[in-house]
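Form predicted on its own, single chain, as structure tokens, below.
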Amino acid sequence: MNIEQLIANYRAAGQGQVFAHWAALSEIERTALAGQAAEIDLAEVDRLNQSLVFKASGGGANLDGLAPAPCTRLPANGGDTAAWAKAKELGETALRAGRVAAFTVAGGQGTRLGYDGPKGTFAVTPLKQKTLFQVFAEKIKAAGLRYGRPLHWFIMTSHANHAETEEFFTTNRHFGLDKGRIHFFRQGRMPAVTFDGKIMLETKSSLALSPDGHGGSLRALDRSGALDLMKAEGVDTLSYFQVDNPLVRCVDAAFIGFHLGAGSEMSSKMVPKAYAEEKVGHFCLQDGRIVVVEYSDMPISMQRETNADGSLRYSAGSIAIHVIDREFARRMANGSDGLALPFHRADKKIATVDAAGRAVKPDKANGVKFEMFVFDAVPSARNSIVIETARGDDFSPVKNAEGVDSPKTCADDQLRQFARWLKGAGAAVETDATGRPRCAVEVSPLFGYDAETFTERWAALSPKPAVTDGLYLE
């Protein structure tokens, strides 16, 4: 690295303040600051300043011509049973051929949960207190055993949790998976800027950097070499999910089959919204393309619109579960064909230093962070489709320490799922009015990771265990 040239480049770009305290830094501090500065694409920062920082807000998302997106419904809600069976068969063929990889976005920390560590290391299951990573690992292992091809698993970490995440997997012997098929790579970072576009320092020797959003996962896949590895391994389809949702089907054959059958470049799962103001994005149709409109961008009056039968008009909720074509991810990452994920502006309170190098902890927003959202890729995808899934089979995130989307609500949802499987297989299970079993039970994904695989294993048990408190099936 040519330090003099780096500093000259920053000064030429009007960002020389980054090195304002250079003379007072130690050699170690200089190396650290220069390394961070070298990460930054100054031309990109300038474009973002021009488009997002210096211009007044345009007033939110474009809602012109918006309509509900078409969705493929579950058979239980009027969907075509034969079409679902065909999709499942197509997806299973792809899994047996080794074309599918799991992809987890796991850059977050457990701060909102009151937990000090990578969120993926947070314990979530009701009986054995397995971590999120262990739940996913067992689901991925079970799918590999079922289809006769072990899956590659790509895990995007952050600079904050990368080393700890890798150490966690090593300590737990990769949960029985082939460590050669687990691939960790870091999410990209973006610098915060002041309202006049100046890159901010967190300390005299470090930039104010933050992750570039879950949309940055596509750039990180490309820059890390993960996409090239997938190509070499014959993987062309990525099953994308976020780390906070232990109910997710990490690889869903029917979902994959619908995606492949439609020739889609990016497909999405949706759940019908539980109520009008539920804080999820909305799948919509605009100018012939599927788009996702965030709940914060859609007026409450629109969210409350109903159909003739009283159901919500904008009912298709986005739950951050996608299937993505490998080469589409590459095109979105490198900007070919004119494709690129847009950055979004977020005004934040950002810890920084003043001109004298003194720490500043603002009490109001003092700068701008930039982030990308993966769902912004949906409108650019050819033949994008939306598939309905049952909330109880795919979505119960752990986001908050208490209340909605908390460890308590998630554990209860897992218990309800286990009870449904047991009842569906003919077992006697006492439940309350919500379907939660009266006793604590747990099913390992290695025993059954969906109703079908559970029923097969349960039928093979002889004698069958009584469903009592503490029952664990593995």
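The first residue of the sequence shown is number 1, and the count goes up from there. Throughout, rigid core stands for the largest set of C-alpha atoms superposing within 1.5 Å between the two forms. As the structure is a computational prediction, the values presented were derived from the model and not from experiment.
Below: the form predicted together with a small molecule, not depicted.
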property: Region of this chain that lies against the small molecule in the predicted complex, out of 250 to 258, 163 to 171, 383 to 391, 110 to 118 [heavy atom, 4.5 Å]; result: 110 to 118
property: Of 88, 149, 99, 399, the one that lies within 4.5 Å of the small molecule in the predicted complex (heavy atoms); result: 399
property: In the predicted complex, the one of 318, 131, 242, 315 near the small molecule [non-hydrogen atom within 4.5 angstroms]; result: 242
property: 4.5 Å heavy atom contact, residue 264 and the small molecule in the predicted complex; result: no
property: Contact test in the predicted complex: residue 205 vs the small molecule, heavy atoms, 4.5 Å; result: no
property: Residue 106, heavy atom within 4.5 angstroms of the small molecule in the predicted complex; result: yes
property: Heavy atom of residue 237 within 4.5 Å of the small molecule in the predicted complex; result: no
property: Residue shift check between the shown form and the other one, rigid core fit, residue 189 Cα at least 2 Å; result: no
property: Rigid core superposed: residue 348 CA moves 2 Å or more between the shown form and the other one; result: yes
